[in-house]
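Next up is one chain by itself, shown in structure tokens, the form predicted alone.
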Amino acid sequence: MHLERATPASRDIQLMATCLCDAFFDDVAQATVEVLEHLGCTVEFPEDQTCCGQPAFNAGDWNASRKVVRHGLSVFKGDKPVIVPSGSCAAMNFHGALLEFEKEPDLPAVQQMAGRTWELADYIVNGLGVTEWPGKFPHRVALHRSCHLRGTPSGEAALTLLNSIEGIEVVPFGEAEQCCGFGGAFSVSFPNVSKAMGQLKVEHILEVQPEYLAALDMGCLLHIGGIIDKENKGLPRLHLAQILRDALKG
């Protein structure tokens, strides 16, 4: 997907924390705020935010999805960058929503929000120009790149930040580009296939013996983490924002 975005004029941002932060990953939202404030950003959190509309979009109910997206447009008004600590939710804003609004009269409003939406790592590296991260994180980390990051700068941005942290070792693993099997509605519609894909992903990750699994998408962390816990594999998971926050604390 091709992204056309202007360099942010200021560090005043709006945080789209996503429904997964709200329901399962509240510490990711907190870590994101701490990371952005460390970078000198003023973080605005619109309290009426709900969902990006992706679940209904993936399920094919575009009418329902458009209602959710329109609510998001009313909540995230203005020109401030919208920062999202989730590759899939960010991609919904700047890719999925454009598809389902192609013939809608309010397409320009969707395009305007798409042009100021950034996934967190992409914003730090390519929006703010930060390529080195201070602090320490002396651990072996396997980075899972979610499908929604394909065609975006986020994966390389995350690697740039992680590799710059003192003490960290980012370890590659087999079939890293393959889907973890979550796929939003896919895991509900095809649970057996989804589980098998997730188990294969876990096998490849565990082969390289990391101390942590990192990702930029909480849907993937939820799915892979569920398989790891059910099989008692004992591998802790962290979102990129948590690693950046923890590195600052040394």
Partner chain sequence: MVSPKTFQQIDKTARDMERGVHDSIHNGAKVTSEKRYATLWHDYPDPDKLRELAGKIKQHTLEHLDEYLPKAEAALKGNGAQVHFASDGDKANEIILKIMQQNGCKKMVKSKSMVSEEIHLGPYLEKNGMECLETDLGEFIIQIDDDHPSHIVKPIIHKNRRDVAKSFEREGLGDYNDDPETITRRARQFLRHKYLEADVGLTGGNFVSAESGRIVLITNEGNARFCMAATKIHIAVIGIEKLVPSDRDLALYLNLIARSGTGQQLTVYSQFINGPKAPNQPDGPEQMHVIFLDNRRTDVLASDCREILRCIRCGACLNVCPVYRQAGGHAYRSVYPGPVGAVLSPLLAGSRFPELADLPKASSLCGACNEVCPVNIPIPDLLLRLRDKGKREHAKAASAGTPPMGMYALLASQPHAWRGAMVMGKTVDYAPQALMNIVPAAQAWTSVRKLPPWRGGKFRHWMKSRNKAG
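All values derive from a computational prediction rather than experimental measurement. Numbering follows the first chain given and starts at 1.
One more form of this protein exists, namely the form predicted together with the partner chain; it is left out here, but the text below deals with it.
- Only one of 147, 128, 171, 109 lies close to the partner chain in the predicted bound form, with a heavy atom inside 4.5 Å, and it is 147.
- None of 166, 132, 79, 175 but one reaches within 4.5 angstroms of the partner chain in the predicted bound form through a heavy atom, and that residue is 175.
- Within 4.5 Å of the partner chain in the predicted bound form, a heavy atom is found for none of 73, 118 and 246.
- The partner chain in the predicted bound form comes within 4.5 Å of a heavy atom belonging to residue 229.
- The partner chain in the predicted bound form is not approached by residue 214, whose heavy atoms all lie more than 4.5 angstroms from it.
- Under a 4.5 angstroms non-hydrogen atom cutoff, the partner chain in the predicted bound form lacks residue 209 among its neighbouring residues.
- Although the partner is absent here, residue 235 lies well away from the partner chain in the predicted bound form, with no heavy atom inside 4.5 Å.
- Residues 23, 24, 25, 26, 29, 30, 33, 34, 37, 43, 45 are the members of 23-46 with a non-hydrogen atom no more than 4.5 angstroms from the partner chain in the predicted bound form.
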